[in-house]
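Before any questions on binding or motion, here is one chain by itself as structure tokens, the form predicted alone.
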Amino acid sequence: MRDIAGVQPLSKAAGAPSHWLARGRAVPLPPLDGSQSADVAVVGGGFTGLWSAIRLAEAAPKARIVLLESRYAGFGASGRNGGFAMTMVGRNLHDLVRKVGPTQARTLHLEMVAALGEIQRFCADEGIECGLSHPGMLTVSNGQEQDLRIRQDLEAARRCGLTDFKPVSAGECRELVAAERVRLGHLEEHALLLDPAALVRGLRDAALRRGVLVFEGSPVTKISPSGSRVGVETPGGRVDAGQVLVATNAYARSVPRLRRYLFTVCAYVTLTAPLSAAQWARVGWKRRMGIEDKRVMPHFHRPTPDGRILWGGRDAPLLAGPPDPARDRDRRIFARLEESFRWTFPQLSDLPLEDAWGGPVSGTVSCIPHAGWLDQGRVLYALGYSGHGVGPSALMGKVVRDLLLGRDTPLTRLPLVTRPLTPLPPGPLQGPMLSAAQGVLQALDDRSGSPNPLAHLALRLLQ
């Protein structure tokens, strides 16, 4: 049976978890075979692990760094996301100010602006071809309650003394993209769009050039601190390390001491066929910026380097358990995404969808990523981007570098380090609480009505 729009998804036909990963494959690296000694072992070959290994290798070129990836670089969320590199940390700027205050929110925002610039320079210097563009980010409202959220972000920017959030009227929004139901929005100039799988492959190669030993097909089965060293075991061998970084995000649910703080978000994306010149003319979008709406569980959409529209978001089931590959393809959710795409762009009724995929995202109660020690000075973790990791992971790589080197710097005093993770309820209550909260919020978004007390409670539970 066909999956979406009468078409076998391209990525599924290619045996890849996403369209991005199907577009190009790096030469696989061999698994760990035997024993290795390392100053630092990095567990996870996504954005966080690779940026951290690169920044550490640059700061300590004599350090022996070993990176272990269970499948291949970018197999998880790093190779399946929408390719938005934004300044956003947490749910939005208003939410960040509410949680950390305007001074820290401003500092973190400016660090993120710098990090996006560093991504651009790094790709240029390393020759990483990842379809990178710098069109900015348009955030829009499609309903009265979303109007309020737009205004809250603008007020938060004013409180932080930030001038890079620009209000955009309904007419101005429609000049940027022909979506007639848009009511108003705000535009931020710093956001990048890119092919995330191509970026992660480029980061893998950049790490190799800096002397990092990368082993793919090497799932870590055990991390065992002993004395001043830490043993990291895989089916094929063992790394004896002075320090370990756990950078597996959603898959960190396998670490018992982290289960109380993490849940799995199932995120989904659809992709159209390439648009003709006439179809692009109908939709406008000349600037080709990324767009996100202000639902609690937002839609996000963008043009791709090969001339398609990526449309994702909406339903995002929350799981108390670990990532479940069986949930990576959900025809009901794909159909609901197609429904909202047609509602937004009725002028593209002749444009078929050709691909769809899903993947696990690491969720935390605060939605703010965090780096902290499991074993002081020896085992560090960095995770919890809640679906916005492409940009913040580049900043996190520098935070991890400083923490592993024992430096006290402005980066190690950011909320990413100083604000602790908030625990979830005890194990048996996690599943029912997450399921109930997700159901209430989804219904609220679908109804687009006024928030009610249950919705407020659910939103609080997720923050």
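This is a predicted model, so every value here is computed, not measured. Note that residue numbering begins at 1 and tracks the sequence as displayed.
One more form of this protein should be noted, the form predicted together with a small molecule, which is absent from this view; the next part is about it.
inquiry  = Quick check for you: of 164-172, 123-131, 262-270, 180-188, which stretch puts a non-hydrogen atom within 4.5 Å of the small molecule in the model of the complex?
reply    = Single hit among the candidates: 262-270.
Listed residue that, although the small molecule is not shown, lies within 4.5 Å of it in the model of the complex (heavy atoms), from G372, G82, P298, P135 = Only one option qualifies, and that one is G82.
task = Quick one: from Y72, F334, W285, F345, grab the residue that has a heavy atom within 4.5 Å of the small molecule in the model of the complex.
result = The residue from Y72, F334, W285, F345 that makes the contact is Y72.
ask   = Does at least one non-hydrogen atom of A247 fall within 4.5 angstroms of the small molecule in the model of the complex?
value = It does: once the small molecule is placed as it appears in the model of the complex, A247 has a heavy atom within 4.5 Å of it.
query = According to a 4.5 angstroms non-hydrogen atom cut-off, is A157 in contact with the small molecule in the model of the complex?
reply = Taking the distances in the model of the complex, the answer for A157 is no, it never comes within 4.5 Å of the small molecule.
query = Within a 4.5 Å heavy atom cut-off, is R314 in contact with the small molecule in the model of the complex?
reply = R314: no, not in contact with the small molecule in the model of the complex.
query = Quick one: does G90 come within 4.5 Å of the small molecule in the model of the complex, counting heavy atoms only?
reply = Close contact is absent here: in the model of the complex, G90 is far from the small molecule, nothing within 4.5 Å, heavy atoms only.
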